[in-house]
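The chain that follows stands alone, in the form predicted alone, written as C-alpha cells.
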C-alpha cells in the first residue's frame, strides 16, 4: 500500500525540503497547507491515511470530521500530544502518535535561559535601550555557584544534566526512573528536596493531566526566596496565578518561560496588528525579571529535520505493521 499523508501547518521556509526528500525516498504521496486543521479545512484530508500536525488543538469536533474523511492516524511531529483529545480519538478508533527529536535543542535553550537569568539580561537590555550603561542593579551570579534542580529526567532532562556538568554547578534531578549514568553527575532526589534546595528549577515534564499545575502556591512556598524558574516543557505544569503572585512577592527572582498556559492559537502566528487577549501573557511580559518566548526551544535545523523525518517514518511504519499483521 502506498501511504497518503496530509500535512497541516507546513512551513515552506524550513519544513518543505525535508518533507519532499523523505516522502520521495519512502514513496509516500503527500499534500499540505500552511494552516492548522479546522472544521472547515479538514475535508482537504479526505482520502488520506494520516494527517501530520504540530501543536494545534484537535478537539472532538475535528476528530469526528477526520473520521468522516477516512483518516486512520493522527501523527503529531512533536514529543507531547496534549493538544489532541486522545480520549475522543480512541472512541472513534483513530490512533494518536508523537515522536522524538534532538534533545539538545531544548536542553541548549533551557541553559541559555538559566544564563540569561544569572546575568539579569532582560533588565540589562531594557536599561541599555534607554542608554543607561551603568552597573547599578545589574550584578549577576555565576552558574557554578548555583544548585540547579531538574524536574523530569527524560531525554531532555538528562541532556541538560550532562551539559550542565561542564559548568561545575551542583545538579539535582527528580524522576521516577533514575539513570545510573546520570547518577554519576547529578543527585536523584524527591520533589521536596528538589524544591527546597534548588537555586534554579528547570521543568522537563510531559504535559499530562497528572502533571497539571504540579508547580503551584504550595510548591512555591517550599522554594528558596529569589528562585529562578525555567519552563521549556509545557505551560500547564505551572499554576500561572500562583506564579504571578510568587513573582510579585519576590519568591521568584527570575522566570524564563518558553511556554505558558493557554498559548494555543497565539504562538506561531503574526499578531503585530492585533490585540492579544491572553492577559497572563501581557502581565508576565511586563515584568523586568521575566522572559517570555514563543515556544521555540525546539527550533533548530537538526530538530526540525528530526520532526519531519521521524514523524513520516513512524507513520509509514505504523501502516506497514498493520499490513503485515493482516497478511
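Worth saying up front: this structure is predicted, and the values here are computed from it rather than measured. Numbering follows the first chain given and starts at 1.
Just so it is clear, the following notes concern the form predicted in complex with ligand COI, a form of the same protein that is not shown.
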| 4.5 Å heavy atom contact, residue 80 to ligand COI in the predicted bound form | yes
| message | So, residue 298 and ligand COI: in the predicted bound form, are they within 4.5 Å at any heavy atom pair? | response | yes
| said: Against ligand COI in the predicted bound form, would residue 158 count as a contact residue? Criterion: heavy atoms within 4.5 Å. | reply: no
| message | I'd like to check something about residue 315: if you look in the predicted bound form, is any of its heavy atoms closer than or equal to 4.5 Å to a heavy atom of ligand COI? | response | no
| field | Residue (of 287, 30, 268, 281) lying close to ligand COI in the predicted bound form, criterion heavy atoms within 4.5 Å | value | 268
| 151, 109, 254, 101 - the one with a heavy atom within 4.5 Å of ligand COI in the predicted bound form | 101
| Contact stretch among 22 to 30, 44 to 52, 290 to 298, 58 to 66 - heavy atom within 4.5 Å of ligand COI in the predicted bound form | 290 to 298
| request: Note that ligand COI is not shown here; using its position in the predicted bound form, name the residues of 151 to 169 with a heavy atom within 4.5 Å of it, in sequence order. | output: none
